[in-house]
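Below you will find one chain, with nothing else, as structure tokens; this is the form predicted alone, and questions on how it binds or moves follow later.
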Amino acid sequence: MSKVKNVCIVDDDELFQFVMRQHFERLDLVERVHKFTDGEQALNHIKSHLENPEELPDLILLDVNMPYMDGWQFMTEYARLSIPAGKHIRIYILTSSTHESDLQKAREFPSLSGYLVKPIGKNMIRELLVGAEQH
């Protein structure tokens, strides 16, 4: 399996970011991991690379509950972007919430690849990376 080029972790929990980065490094399946503490930072990163699709993320792990711009606000703004043709970005909501209202909200965004409940381990990360590589 070749490496996934770019992964973004969007979560205000720095311990979660650290653990996820450790998983990615141990699996040795990702070239670069970008970390952001709110949706606006991640959105600005994506906007700054729209002209260079190779630099866009292949996979985004997106927390729902964050200060400033949460995951839902990120998804609303992301839906307005013009992602270059041929570039597929897989976005997974990561949350500790199992509320039906959050699951229903996730269904409103066709660009979401899935909804995952924290914590997630190395096996799930491997599955997400295999899925990202296939696009």
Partner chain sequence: MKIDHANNWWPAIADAIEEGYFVIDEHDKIVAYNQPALQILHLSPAILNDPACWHSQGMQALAAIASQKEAFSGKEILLEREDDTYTWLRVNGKPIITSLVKGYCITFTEIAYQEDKSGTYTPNITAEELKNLLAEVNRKNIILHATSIDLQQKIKQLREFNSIIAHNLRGPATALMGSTELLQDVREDADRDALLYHMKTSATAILSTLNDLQEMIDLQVSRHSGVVECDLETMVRQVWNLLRPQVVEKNAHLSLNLSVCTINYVKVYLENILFNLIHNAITYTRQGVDPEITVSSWQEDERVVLMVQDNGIGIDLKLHQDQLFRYKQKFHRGYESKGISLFKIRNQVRTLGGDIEVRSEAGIGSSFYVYFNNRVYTLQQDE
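Small disclaimer: the values here were computed from a predicted structure and weren't measured. Positions refer to the first chain, counted from 1.
Missing here is the form predicted together with its partner chain; even so, the following discussion is about that form.
The single contact residue among L56, L59, V64, V30, judged by any heavy atom lying within 4.5 Å of its partner chain in the predicted complex, is V64. With its partner chain omitted here, the record of contacts in the predicted complex names 70-78 of 83-91, 45-53, 70-78, 106-114, defined by a heavy atom within 4.5 Å. In the predicted complex, at least one heavy atom of K118 sits within 4.5 Å of its partner chain. For R126, no non-hydrogen atom is located within 4.5 Å of its partner chain in the predicted complex, even though that partner is not displayed. If you take 28-48 and check each residue for a heavy atom within 4.5 Å of its partner chain in the predicted complex, you get D38, E40, Q41, in sequence order.
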